[in-house]
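The chain below stands alone and is given in structure tokens; this is the form predicted on its own.
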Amino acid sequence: MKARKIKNRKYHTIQDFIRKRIQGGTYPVGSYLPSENEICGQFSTTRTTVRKALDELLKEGFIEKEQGKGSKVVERRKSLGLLTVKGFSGSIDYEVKTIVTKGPKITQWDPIIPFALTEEEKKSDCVYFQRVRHINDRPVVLENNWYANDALQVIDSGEFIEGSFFKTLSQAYFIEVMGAEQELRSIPASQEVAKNLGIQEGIPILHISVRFRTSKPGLNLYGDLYCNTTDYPIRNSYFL
């Protein structure tokens, strides 16, 4: 017996079409999407189907609905516990400057990652890069990052949009961060961490291990953050 091919529902097509245009800047933050009637005409479909697509975009955090005005594109800041889908810079109250200290390169997985890799990830080399986050020209976070090279090509740090890896994934590759797992603990600063953050070796710092799930099948983003929160605490807010 032949397996039945699952047909892609039309609202998924509309949802994907609009999402990619939001990600690519055709519909910038603060702008309004075409009316439901216009979208109906464009896709030769019903308002019920269009509304379902818009409801899904609302759930994903790309739009909000304003009475009498329509669907407005918003900054996607849904919280993932401590860190938001905007990444580290979206989880604190200060302007962050990011410096890439080790550019993306293909290497082997680091055993420091506390999360179990998938079987596909184990078979793949990984892409690794390191960044230091600065506030007021002071280094406050050292961040190591990994992902499977089989799931995503090496992206040169010079291609990072406004220095943001998350923003680059969204706008250039149409890949969104959908959720995360995190582990937090207090540890003494190692020699490497202390050197990068300009602090004394051995003082207590916040260590965050995180695995981000993305909208691309097989692509997880692993992060290892060392945070000096003495003067710049990380916000733990929730955005609806």
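In case it trips you up, residue 1 is the first one in the sequence shown, and so on. Just so we're clear, the structure is a prediction, and the values are computed from it rather than from any experiment.
This protein has a second form, the form predicted in complex with the DNA, left out of what is shown; the following refers to that one.
Practice item. Would you mind picking the one in K59, R47, R185, K195 that has a heavy atom within 4.5 Å of the DNA in the predicted complex? Key: The residue in contact is R47.
Practice item. Report the stretch among 211-219, 196-204, 28-36, 177-185 that approaches the DNA in the predicted complex to within 4.5 Å, counting heavy atoms only. Key: Among the listed stretches, the partner-contacting one is 28-36.
Check your understanding: Looking in the predicted complex, any heavy atom of K10 within 4.5 Å of the DNA?
Key -> So K10 counts as contacting the DNA.
Exercise for review: Considering only heavy atoms, tell me if S71 and the DNA come within 4.5 Å of each other in the predicted complex.
Suggested key: The answer is yes: S71 has a heavy atom within 4.5 Å of the DNA.
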